[in-house]
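A lone chain, given as structure tokens: the form predicted alone.
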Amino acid sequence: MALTGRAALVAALGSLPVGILGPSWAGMLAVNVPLALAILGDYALAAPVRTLQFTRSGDTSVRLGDTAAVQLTVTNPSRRRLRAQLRDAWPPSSWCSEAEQASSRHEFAVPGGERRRLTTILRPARRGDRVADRVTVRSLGPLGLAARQGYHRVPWTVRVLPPFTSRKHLPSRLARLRELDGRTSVLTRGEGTEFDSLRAYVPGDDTRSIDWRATARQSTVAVRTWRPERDRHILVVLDTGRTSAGRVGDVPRLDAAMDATLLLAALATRAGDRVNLIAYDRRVRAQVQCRTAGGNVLPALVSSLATLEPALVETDARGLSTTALASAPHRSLIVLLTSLDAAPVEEGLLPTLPQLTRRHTVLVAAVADPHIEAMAGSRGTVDAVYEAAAGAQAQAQRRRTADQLRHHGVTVVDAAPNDLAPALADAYLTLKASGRL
């Protein structure tokens, strides 16, 4: 049984004249006995809670930052009218603010033998699976003095997917890809690219592209045209170790790496390449394989990345290299999204790089902190000068680490969270245009 505020108010109003005019036990009993009988009668007339039936429907997935609607259908099989207050409980991270949690509380009435549909609006603040908790129902009596209260388990899961904010850069990169394919401009020549066709020579063409045998058979000079390679293998390796948990602004490094991964995968599949994914720290946290060239692997990537979280452990670089080599039996472009901190790179990554670069093209992408650049440019006070010195030292150390990687033949992309995805896509297109995939 649950007493309402109305019962407390009636008890207070009834006790007030007794306490002022003639406080006595008889007076208290004269007020409280009828009130107690009214409360018991109200409780008895309230619709039962245990027999209520619940079903769910609605959204099962939503992108981070968007809203999801989950419907809860309440069926009242009893003959009594149900006047109820209901709380549809979800984890606190299912909303971005406390004000939005009000959508989980409902007041409604259901006549006997009928049903009502209630809608709860979710706007999750974090990636991952949001699992519905219990549904608590308070069934009020006709007088509103007492209520029956109980809860039901109505399972439902909403998967919160990465936001993929970098998809706004996809049209411009696809346009550049079409230029490389020769569909919107003159085809380019690149070492190791695939032969496409012959065309007439125009001033400005590379003389090395002239096909002298074809020229001898016709009256005009003929040049070879080339197209970027297709059906190449791309392995994206996400470092989910402790460095990926660091936040740059309001975004964890891992989330920025995920966004860059999704843009690269969307672009590479349009280019006819195969994209595979491994998330690793000391063991494989997630793995996605594309079976066919140009296959739409993006939905599988998004679903796999949704529940991925950083692990607060040091990444096993040797195990990462071994896993990457086992997952890439053919020559591939290995894209490693990790940090450029000096200690993890020098002690972990650099000793294992020769194993990767011997057979594969390696690209390392890292998230830079814009605050360090702002620190390096600050002046005016003593504290600002010390901050500038610390920022300049951090930048110099980061450049030194990147130079060490380049010395091993690795392409390095170091950019701020908002710029990492387009910079990685540009690096992929550059490698593809030059036939280095």
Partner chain sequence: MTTAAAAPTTSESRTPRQIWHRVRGMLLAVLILVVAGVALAAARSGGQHGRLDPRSPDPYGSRAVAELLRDRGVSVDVATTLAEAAAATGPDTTLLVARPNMLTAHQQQRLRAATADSAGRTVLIAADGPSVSRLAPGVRPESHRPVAARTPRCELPAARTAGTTDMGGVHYTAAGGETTACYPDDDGIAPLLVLRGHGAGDTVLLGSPDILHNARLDQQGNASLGLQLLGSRPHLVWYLPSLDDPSTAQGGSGDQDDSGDDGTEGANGFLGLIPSGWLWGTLQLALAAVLAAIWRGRRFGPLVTERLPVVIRASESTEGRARLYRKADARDRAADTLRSATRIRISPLLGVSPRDADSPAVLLPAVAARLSTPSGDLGALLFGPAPADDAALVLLTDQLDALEREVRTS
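Remember, it's a predicted structure, so these values are computed and weren't measured experimentally. Residue numbers count along the first chain shown, from 1.
A second form of this protein, the form predicted in complex with its partner chain, is not displayed here; the remarks below concern that form.
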- Message: Within 4.5 Å, heavy atoms only, one stretch in 319-327, 343-351, 272-280, 127-135 touches its partner chain in the model of the complex. Which?
- Response: 127-135
- Message: I'd like to check something about L52: if you look in the model of the complex, is any of its heavy atoms closer than or equal to 4.5 Å to a heavy atom of its partner chain?
- Response: yes
- Message: L312 versus its partner chain, in the model of the complex: is there a non-hydrogen atom within 4.5 Å?
- Response: yes
- Message: in the model of the complex, does A388 come within 4.5 Å of its partner chain, counting heavy atoms only?
- Response: yes
- Message: When the contact criterion is heavy atoms within 4.5 Å, does T4 count as touching its partner chain in the model of the complex?
- Response: yes
- Heavy atom within 4.5 Å of its partner chain in the model of the complex: which of R247, R117, K168, R213 fits that? Just give me the one. R247
- From Q149, S78, Q355, S209: within 4.5 Å of its partner chain in the model of the complex by heavy atoms is Q149
- Note on the structure: Looking in the model of the complex, the residues of 92-120 with a heavy atom no more than 4.5 Å from its partner chain, listed in order, are P92, S93, R105
